[in-house]
Ligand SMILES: Cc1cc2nc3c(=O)[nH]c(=O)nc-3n(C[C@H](O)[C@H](O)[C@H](O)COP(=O)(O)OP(=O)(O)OC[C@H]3O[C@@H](n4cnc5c(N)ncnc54)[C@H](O)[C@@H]3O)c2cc1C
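A single chain, nothing else alongside it, follows as structure tokens in the form predicted on its own.
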Amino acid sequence: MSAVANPHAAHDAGALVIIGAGLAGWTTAREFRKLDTSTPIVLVTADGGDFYAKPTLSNACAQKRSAEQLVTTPAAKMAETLNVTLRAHSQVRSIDTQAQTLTLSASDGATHTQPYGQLVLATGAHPIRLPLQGDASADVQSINQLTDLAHFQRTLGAAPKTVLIMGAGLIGCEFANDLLLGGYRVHVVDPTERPLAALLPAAAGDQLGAALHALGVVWHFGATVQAVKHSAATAPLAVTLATGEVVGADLVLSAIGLRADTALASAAGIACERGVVVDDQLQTSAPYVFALGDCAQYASAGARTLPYVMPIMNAARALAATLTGTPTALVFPLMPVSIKTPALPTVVAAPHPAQPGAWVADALEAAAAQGGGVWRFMDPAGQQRGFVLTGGQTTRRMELAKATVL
């Protein structure tokens, strides 16, 4: 079992143990160390633990960066800097919340019992995979971490390829734009009528759709993928849509969303719904066990999961205070999301899904003449609860944020 830095900490029953070496796990360790320099921290991860910014996965192609080049800080350096015992390439097999222990297994099969004083679940989320027909259905790829991107890049190779993307949501659109800029041909299949249909007002979605189409995207709206088969006739793969259309592609990338990884928590009897249920102090239903990041269902966000960077940063700061003895309720500020689609830069501050109201465009013609558009989500009382900016209007992010009521 790999252990880096402070090897005696793993045996301390009062240690803070973090499961997961993504942004949530490492940021929690960093914020904790700002407040407590002595309590042992043990970070357990199934991968190598290198630190990188996950959003860079969807713009690596255009920048001609390999998966390895996305790493900003090697795991060993992170562990040394934060005085963390890193147990890399280790699987957590079970959590015993009564005994406050984890059962770990290393890549060589060796097992280990790890005690904890406090436990943080930062297990992330898994790509949603739909059952598909066809002898090449197992070849459909998803990109959710560095190893996924490395495999995708190896499969792409250097020659021009046609990539079919399942899903026209945020990640699907970002990958579509990235691949087009990298010189690849792109088809996108989605059951809705336009890109980001669940996130943007219709006119904004249509703008983005037109911009990506002008760049080269071939849209297949109102359709789903039914089968992926090997074929020598059309391309290496023949992708059959529910409409009956067959599209030739070299690769198929599934980008239809993420599902919180709740397997460990659920097996340990910890309450889970769409994610690991946490209160406003990020406490789970088990004592001394907390959760944040893509795996968490936040009470502070109206029982929602929030798979974005800014919620993680805010949650980690609040959690570190709680873990070090100052119970701190997590209060999310307004957190606009920048969508990485250079064809049409887009900023979204989405209202809560249960918030009544409607999208209202700001003088659309005038805004479009300046490059882009402005939409405000107005509640029945006339208060602004969210906004969308596209194109040149994204420079008004701070202005619109100040006008938004949480």
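Being a predicted model, the structure only gives us computed values, none of them experimental. Don't overthink the numbering: it's just position in the shown sequence, from 1.
One more form of this protein, predicted together with this ligand, exists but is not displayed; see below.
Using a 4.5 angstroms threshold between heavy atoms, residue 68 stays clear of this ligand in the predicted bound form.
This ligand is not drawn, but in the predicted bound form it has no heavy atom within 4.5 Å of residue 386. This ligand is not drawn, but in the predicted bound form it has a heavy atom within 4.5 Å of residue 340. This ligand is not drawn, but in the predicted bound form it has no heavy atom within 4.5 Å of residue 41. The partner is not drawn, yet in the predicted bound form one stretch among 129-137, 213-221, 199-207, 287-295 has residues with heavy atoms inside 4.5 Å of this ligand: 287-295. With the partner omitted from this view, the residue of 182, 169, 307, 115 that lies near this ligand in the predicted bound form is 307 [heavy atom within 4.5 Å].
Among 125, 318, 235, 78, the residue placing a heavy atom within 4.5 Å of this ligand in the predicted bound form is 125. With respect to this ligand in the predicted bound form, the three residues 20, 143 and 264 uniformly fall within 4.5 angstroms at the level of their nearest heavy atom.
Although this ligand is not shown here, in the predicted bound form the stretch 48-84 places heavy atoms of 54, 55, 57, 58 within 4.5 Å of it, in sequence order.
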